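One chain comes next, on its own, written as C-alpha cells: the form predicted on its own.
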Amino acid sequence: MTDAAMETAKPVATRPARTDFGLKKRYRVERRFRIYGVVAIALGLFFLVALISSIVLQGISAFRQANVEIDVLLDKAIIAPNGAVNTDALMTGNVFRYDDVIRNAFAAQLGIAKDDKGTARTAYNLVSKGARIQLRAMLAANPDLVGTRQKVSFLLDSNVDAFLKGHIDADIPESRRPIKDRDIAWIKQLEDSGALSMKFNTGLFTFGASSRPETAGVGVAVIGSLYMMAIVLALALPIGVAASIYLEEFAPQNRLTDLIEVNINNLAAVPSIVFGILGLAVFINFAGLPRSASLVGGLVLTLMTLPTIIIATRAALKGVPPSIREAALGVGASKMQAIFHHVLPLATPGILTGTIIGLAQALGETAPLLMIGMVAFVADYPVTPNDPATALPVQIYMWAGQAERAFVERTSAAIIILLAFLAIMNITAVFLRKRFERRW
C-alpha cells in the first residue's frame, strides 16, 4: 500500500457531540432570577414591617391617657348662684363657673393657699380645659350631686400627658419646653400622692372632634364610616350582582354590551377624586342633599365600588363550570332557575370576596369625601345618615395637619384603628371564601 493510500485511510477527527445545550447557562439565569425574587420579597417585607412598626411605635402611646383624681366640693353657691338646681339650669348656665370649682379643688390637692389665686390659676393649666365640660355633663345627669363632695377623675393637659409619656425631655432648657420646672414639681407631687395615673384612653374611641388633643377621638368618625359602609353594602351589592348576572348570562353580544363592559373596566381605574366631583355636582348641587352627610358619602362610595363588585362577580360567574348550567337545563330547569338555584350559589364565595374587598377600598378613601365637604368640625354623634359626620380616613387627614405633638400620636392611633378594620374585613373575606367554597 502506498503512502498516499495510507494517508487516505486515516480516520477523520470529529468534534465531540455537545450534550449540555447551554443548560449550565440557563441554570445560572434561573438561580439569579430566584435570588432577585427573594430579594424583592425581602425588601417588600422590610418596608412593610418598617411602616407598621413606625405607625405602632408612634401611636401605641395614644391608647393611654394621664388622669388626675381629686376631691371636689361641688359648691352650690358657685354652681347654682341663683338657687336653680336642675338639668336645664346646669346646662345653660355659665360654663366657666365649673372652672372655679375644679380650680379650687385642684389647688387644695396641691396645697396651694386659697388667697394665692395666681398660683392656683397656673397650676390649673395642668388640667384639661375639657374638665369643665365633663363636670357639667356629670351634674346635669345627676343634679342631686350639687352641694356634695365627690372624687372625680379629670383628664390632664396634653403637654402633661406628653411629658409623662417621655415625649418632652426635662433635661432641655426650661425656656424651650412647654412644661416648666414648677409644673414638673407639681406633677411629681401628684404622682407621690397617688392622685395621678395613666389609664386606658376610652375617649379615643368615644370622643368627637376637638381642638384639644386630650379630648379628641374617632367616635364620630367611626359612626360616620359605619353609616357609609351600610349604604354602600345596601346599594352596591344588589345592583352590582344584578348587573353582572345580566351582562354575563342574559345580555346579547353586540356593540352596546361591549361598550358597557369597556366602560365598567375603565371606571374601575378612574381616580377616586373624580367620583367626589361627580357626587358634588349631582348629589349636592343638583339633588340638594346636605353637605358633610354620611348619605352623600355613601352614595359617592357606592358609585366608586360598583365597578369592583361587577368585575369580581362576573369573574366568579365565569368560574362556574358550564356543565353545571347544562346539567340544570338538561333536567328541565329554566335559564333563570339554573342561574339562581345552581350557578349563583356556587359563585357566592367570589362575590362575597369581591364585595368585601370593594368595601375595604371604600373604607380607606379620602379624596371623594373631601370633595363633598366631610371635613367639617363635628363634635356630636350623627343620629341619622343625613346628620353632619366625618369618616376615619378624613379624621386622620385632619389630625395630620395639626401642629401639636399630641395629635401626631393620635393620627398614628387612628391609622392603627383603620388598619384593624381593614384587617377584619379581609380576614372575613378569606373566611367566607373558605366557608362557602366548593370544589369540583
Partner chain sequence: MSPFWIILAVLGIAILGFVAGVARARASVNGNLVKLHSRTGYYGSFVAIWASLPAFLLLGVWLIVQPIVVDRAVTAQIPDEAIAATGNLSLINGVVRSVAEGLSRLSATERRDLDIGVVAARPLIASKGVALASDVEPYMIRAADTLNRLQAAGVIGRTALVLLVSVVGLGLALLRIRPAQRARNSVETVIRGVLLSASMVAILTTVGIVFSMLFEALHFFSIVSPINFFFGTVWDPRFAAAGSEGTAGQFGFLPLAWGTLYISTIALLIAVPIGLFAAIYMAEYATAQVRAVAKPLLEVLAGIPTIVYGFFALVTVGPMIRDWIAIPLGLGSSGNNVMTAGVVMGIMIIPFVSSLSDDIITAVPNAMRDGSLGLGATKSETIKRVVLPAALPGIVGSVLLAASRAIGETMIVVLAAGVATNISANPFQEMTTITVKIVSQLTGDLEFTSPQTLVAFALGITLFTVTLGLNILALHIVRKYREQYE
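Here, rigid core means the biggest group of C-alpha atoms that superpose within 1.5 Å across both forms. The structure displayed is predicted, hence computed values, not measured ones. Positions refer to the first chain, counted from 1.
As for the form predicted together with the partner chain, it is not shown, yet the points below apply to it.
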Which of 110 to 118, 140 to 148, 156 to 164, 247 to 255 lies within 4.5 Å of the partner chain in the predicted complex, heavy atoms considered? The stretch 247 to 255
Residue within 4.5 Å of the partner chain in the predicted complex by heavy atom, from Thr202, Ser323, Asn265, Thr87, is Asn265
Assert contact residue (the partner chain, in the predicted complex, non-hydrogen atom within 4.5 Å, options Leu303, Ala105, Val222, Leu317) equals Leu303
Taking Leu48, Gln337 and Thr411 as the candidate spot, are all three within 4.5 angstroms of the partner chain in the predicted complex by heavy atoms? yes
- Query: Closest heavy atom of Pro349 to the partner chain in the predicted complex, within 4.5 Å or not?
  - Reply: no
Can Arg291 be called a contact residue for the partner chain in the predicted complex at 4.5 Å between heavy atoms?
yes
| Applying a 4.5 Å heavy atom distance criterion, does Ala269 contact the partner chain in the predicted complex? | yes
Give a yes/no on whether Pro382 approaches the partner chain to within 4.5 Å in the predicted complex, heavy atoms considered. no
Checked 401 to 433 against the partner chain in the predicted complex; residues with a heavy atom within 4.5 Å, sequence order, are Val408, Thr411, Ser412, Ile415, Leu418, Leu419, Leu422
Open item on the list: After superposing the rigid core, is the C-alpha displacement of Asp380 2 Å or more between this form and the one not shown?
Closed with: no
Margin query: Could you check, with the core superposed, whether the Cα atom of Lys199 shifts 2 Å or more between this form and the one not shown?
Written below: no
C-alpha of Pro252 off by 2 Å or more between this form and the one not shown on rigid core
no
